[in-house]
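Given next, in structure tokens, is a single chain: the form predicted on its own.
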Amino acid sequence: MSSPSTNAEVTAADQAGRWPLLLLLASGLVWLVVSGILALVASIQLHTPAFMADCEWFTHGRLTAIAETSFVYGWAANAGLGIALWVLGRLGGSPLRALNWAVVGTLFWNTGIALGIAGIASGDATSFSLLEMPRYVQPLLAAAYVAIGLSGILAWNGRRTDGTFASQWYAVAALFLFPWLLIAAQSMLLWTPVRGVLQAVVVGWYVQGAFSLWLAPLALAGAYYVVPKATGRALPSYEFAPLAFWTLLFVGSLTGGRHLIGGPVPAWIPTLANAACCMLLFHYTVVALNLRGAFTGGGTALRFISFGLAAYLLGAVLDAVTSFRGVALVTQFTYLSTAQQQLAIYGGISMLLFGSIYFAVPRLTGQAWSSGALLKGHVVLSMLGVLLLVGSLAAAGWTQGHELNDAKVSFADIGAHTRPWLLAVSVAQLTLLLGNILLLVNFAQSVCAACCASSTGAQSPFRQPAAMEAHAS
């Protein structure tokens, strides 16, 4: 198979949506670096509590909320939406429409995130995970998301192809389901709040829904498109893909109750979550069968997708195992929960998005990536950083969980025993930050090269697709 630099197609959909989609991806990468800096500072505070302790804007609680908000709503949302719109435009058979709305939505979305972060830093945060931004920011985010997603919905409704593909299903599901999740959670937690323990149930439902019904579909939309295009082979066991899709949609959000094991909630809620985690393994198994070609293919995009797919599957198994009460006695309320979260969000979602970005950007810009050295550096640092981060958090959590159940061990001793692992977490965060900076620099150089090429009228090094294959690209 020819190398991407000589055999990559640039379609009319790529040319029409180039700058709005690159704006989304650029916004995501900037937030990725910002969140990495904040996460590094927050991790240092875990083993060195006096670090920046005199600055009330950067206390550990606020800093953790800001880093999480920057990562999920800044990086993952922008990048995921950019990839989803790109996939829908290509598979729809015609250039994206309403791109002005997408640009306006992108600007307001990122403005809303900046306002929300300022609100968190100033002490105006809520107490709900993934909804820490002040409630006056949430409606702006919902409206901006609808404006961005309009192009994708129009591409889906106006598609000119006979069949549809799994990448389209996941992209459209994410576009439709997230506004419903956000508005429902806002209504029940911020505007007309439910009382007592119901708030914890709603938060668990929203957090899990944001992963299973929004971030995971955005990442899978890109993976399901890139793997067959990069390998040149049809996806195996594809007839099971619809079952995996609907399993995720109907079962995914039900697993949030596993975080409430032992809490003052009806016993059926965590029990249902345990059953849902086990049922959801069917979805992960089918995804693994469909995308297993990523493990045998070459290229940067497939390296990231194969790593992300492995993390996505491992995270599912750990979710199922830790949803059992006997295991939760050790793992709950420890760094092991954070390790699972980082494995799913960073090891799974982010790595899948990285793979899609590495495949999409050359087609959007019409130019190869600017620096192969920066590209290789990002691959090594990202994978090494994720392994070190998850492994260190897991070791710290295992130590913490066992010692919390031992009445003879004091909290000071637990802190001393976990400190070496938390130092390793800071090293991992620094490694990831350096890798993400390399990606941002490489992206900026590649976009600048595309601008120079378009201004000078230089011919793209990529071939245009033949008429017979253009409709299927």
Partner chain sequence: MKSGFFFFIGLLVAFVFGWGGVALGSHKQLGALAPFYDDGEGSSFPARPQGLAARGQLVYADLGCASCHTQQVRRPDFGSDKARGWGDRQNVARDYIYQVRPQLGESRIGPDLANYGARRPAAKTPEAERAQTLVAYLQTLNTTYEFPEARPFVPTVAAKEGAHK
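The shown structure was predicted, so the numbers you read here are calculated from the model rather than taken from an experiment. Positions refer to the first chain, counted from 1.
We do not show the form predicted together with its partner chain, though everything after this point is about it.
Within this chain, residue 269 lines the site of its partner chain in the predicted bound form, having a heavy atom no more than 4.5 Å away.
Proximity of residue 404 to its partner chain in the predicted bound form falls within the 4.5 Å heavy atom cutoff. When its partner chain is considered in the predicted bound form, residue 238 lies well away from it, no heavy atom lying within 4.5 Å.
In the predicted bound form, its partner chain sits within 4.5 Å of a heavy atom of residue 181. Residues with any non-hydrogen atom within 4.5 angstroms of its partner chain in the predicted bound form fall in just one of 374-382, 142-150, 124-132, 309-317: 124-132. The candidate spot formed by 104, 281 and 390 lies out of contact with its partner chain in the predicted bound form, as no residue has a heavy atom within 4.5 Å of it.
Residue in contact with its partner chain in the predicted bound form (any heavy atom within 4.5 Å), chosen from 275, 289, 118, 177: 177. A heavy atom within 4.5 Å of its partner chain in the predicted bound form is found for exactly one of 335, 346, 75, 109: 335. Applying a 4.5 Å heavy atom cutoff to its partner chain in the predicted bound form picks out 260, 261, 262, 263, 264, 266, 268, 269, 272 from 258-277, in order along the sequence.
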